[in-house]
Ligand code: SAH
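Given next, in structure tokens, is a single chain: the form predicted on its own.
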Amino acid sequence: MVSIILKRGKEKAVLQRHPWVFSGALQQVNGKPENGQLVSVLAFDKQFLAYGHYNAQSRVAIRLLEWDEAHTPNEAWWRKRIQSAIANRSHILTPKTNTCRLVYSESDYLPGLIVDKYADYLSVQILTTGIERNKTIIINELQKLTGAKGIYDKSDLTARAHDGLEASSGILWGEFPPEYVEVMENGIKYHINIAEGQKSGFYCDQRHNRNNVAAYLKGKTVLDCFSYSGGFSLNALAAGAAQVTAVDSSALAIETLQKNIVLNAFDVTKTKTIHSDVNKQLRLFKEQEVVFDAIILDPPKYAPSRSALDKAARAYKDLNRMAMQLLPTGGLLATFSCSGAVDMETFKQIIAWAALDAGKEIQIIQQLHQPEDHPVRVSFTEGEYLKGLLLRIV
């Protein structure tokens, strides 16, 4: 096996079980490993540190897999890791919930692999050359453990380019998923378009937050921004909201939301869907002097990296400022960030600036996070990306 020696002093993060070794930490590569090949990582004094996947094209030169020298990652190792990840989620899947994340990349010690379950189908993202090289084993084990009718490749992400991989999508095993797969989350039904939908097809990371926010919405007029297929809107209707207005820039998302309202037999007269840019629509509501009892902001990732943090902070502040201006005293704002580069304390500061600019006083009622099928390794806090605040205008 090819060994790679780190520069003196660069072993600290590896010893702390962080799964990334950056290219600048490499002292010597003994041999010519291919991208995605398994290598052993050694300290400057040649002591074994870990096994990992090497990639010369990536800024993250080695993604670490195993720290025990006796446990070389082989086929049995891969199958055991996948078995462990799925077993840890078994209690989440119930008669009322048949969708969740089964594998969450580095947080499940499988860097570069994401697997989401949607009823009888799996959506898989393969983001690194190391996972690509072991794809056959992985897909076989996933099918064996889940009995999925079909496993679909949704690896059409720019993340693959960092590892020198092209975008990839299509069926990996079994049946091609139907245009709409019906899933259930917390007793609410959704039509999921796996092949054409955003990301892996559905955002199951908001499962608990949808419930938590909906508990406050009975009898209220609600504005759901970036509504996508309607997670927050449907939960609001189920909780007895008086009226729900959903806004999204995607025509497919709006169409799917409308189908989901009918699928759950909710009163369509209590819903209004708007196909529009959210920021533009918020300004229009302000001009029209429209107010809501509660607003939900679940925008896309504004800060894909720390270099984009300042620009993202301004975007989050402006978005939340406009929303606060549409809320009366006692109004509620559920606001989220899915940018890993924005930690909770930074997000709170951005919200404080937004409130100041909006001329509003606010209270934090709840702090909201990603659910347990999106766990966070204490040695890899980068896995903690979703954070939210439930606020009251006072």
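In this text, residue numbers run from 1 along the sequence as written. Small disclaimer: the values here were computed from a predicted structure and weren't measured.
One more form of this protein should be noted, the form predicted in complex with the named molecule, which is absent from this view; the next part is about it.
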4.5 Å heavy atom contact, residue 163 and the named molecule in the predicted complex: no
Exercise: residue 88 in contact with the named molecule in the predicted complex, heavy atom 4.5 Å: no
Distance check, residue 240 to the named molecule in the predicted complex, heavy atom within 4.5 Å: no
Heavy atom of residue 310 within 4.5 Å of the named molecule in the predicted complex: no
Site test, 210, 232 and 277 vs the named molecule in the predicted complex, non-hydrogen atom cutoff 4.5 Å: yes
Segment that reaches the named molecule in the predicted complex - one of 241-249, 135-143, 91-99, 120-128, heavy atoms within 4.5 Å: 241-249
Partner-contacting position among 266, 78, 173, 226 - heavy atom within 4.5 Å of the named molecule in the predicted complex: 226
The unique member of 304, 187, 300, 219 whose heavy atoms fall within 4.5 Å of the named molecule in the predicted complex: 300
